[in-house]
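Only one chain is shown below, in structure tokens, and it's the form predicted alone.
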Amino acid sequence: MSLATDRGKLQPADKPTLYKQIRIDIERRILTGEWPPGHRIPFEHELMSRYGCSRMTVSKALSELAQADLIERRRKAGSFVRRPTFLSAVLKIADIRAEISALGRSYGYELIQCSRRPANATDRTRLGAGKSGKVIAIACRHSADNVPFAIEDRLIDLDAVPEAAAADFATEPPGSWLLHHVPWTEAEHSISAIVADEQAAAALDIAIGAPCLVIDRHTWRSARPLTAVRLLYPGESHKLVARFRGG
């Protein structure tokens, strides 16, 4: 009887091993933004005390997190939440609000449209997601000293960023909100130029046919798509600058 009863119980082998539980706990804190990029992970001896385990167990958990590009381990300094890296050698992911303020200009934000909907085939293609349940589609305009600075067309995958459903994008620019709340591990920029059509010309207060700078950006977290955005700038007032060093 006792043997049958024991077999009916959840055995220890069915539970996550301790090193996996440590990894899952730390991963959750990173992916929810509780521990932002640059945050120092508790030292190994602190984790050993917290979980009542050996240094080898802690080290195995941290090694897996480092392999997943979620943390970086620095000799003698400890482990830290990894700062995002990106593929583009030209641009970093900038907060437009902070960028305009840094220029000493007055920032303005206008939400043009915001809708939550089931993802369609076009949304999935744009996000690069094999499947996606719902998305938030946002169109907004940024201005500097009451002059249009950029218009933004963005998709956020709600399966990957469920907390975006509660964000108030009527008052908070989506790019600023994402940078402060959602950690990412990889980004890609595509830069092109177009001439303004009637809609873009009206939104940017420029002439139809005027040159525009286009930046298409995708961001991922551990290979999972988070957001896709197209930023459209008046070409006359924007330029890209990059400095490179020889090998």
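If you're wondering where the values come from, they're calculated on a predicted model, not measured in any experiment. Counting begins at 1, following the sequence as shown. Between two forms, the rigid core is the largest collection of C-alphas that superpose within 1.5 Å.
Beyond what is shown, the protein has a form predicted in complex with the DNA; the following relates to that form.
Note that among 211 to 219, 52 to 60, 30 to 38, 190 to 198, the stretch whose heavy atoms approach the DNA to within 4.5 Å in the model of the complex is 52 to 60. Between the options 133, 128, 78, 108, the residue in contact with the DNA in the model of the complex by a heavy atom within 4.5 angstroms is 78. Comment: the DNA is not present in this chain, but in the model of the complex one of 73, 97, 124, 116 has a heavy atom within 4.5 Å of it, namely 73. For residue 45, a non-hydrogen atom is located within 4.5 Å of the DNA in the model of the complex, even though that partner is not displayed. Contact check for residue 238: every heavy atom lies farther than 4.5 Å from the DNA in the model of the complex. The shortest heavy atom separation between residue 18 and the DNA in the model of the complex is within 4.5 Å.
Residues are counted as partner-facing when one of their heavy atoms sits within 4.5 Å of the DNA in the model of the complex; in 181 to 205 not one qualifies.
A movement of the C-alpha atom of residue 64 reaching 2 angstroms or beyond is seen between this form and the one not shown when the two forms are aligned on their rigid core. Relative to the superposed core, residue 45 undergoes a Cα shift of 2 Å or more between this form and the one not shown. A movement of the C-alpha atom of residue 26 reaching 2 angstroms or beyond is seen between this form and the one not shown when the two forms are aligned on their rigid core.
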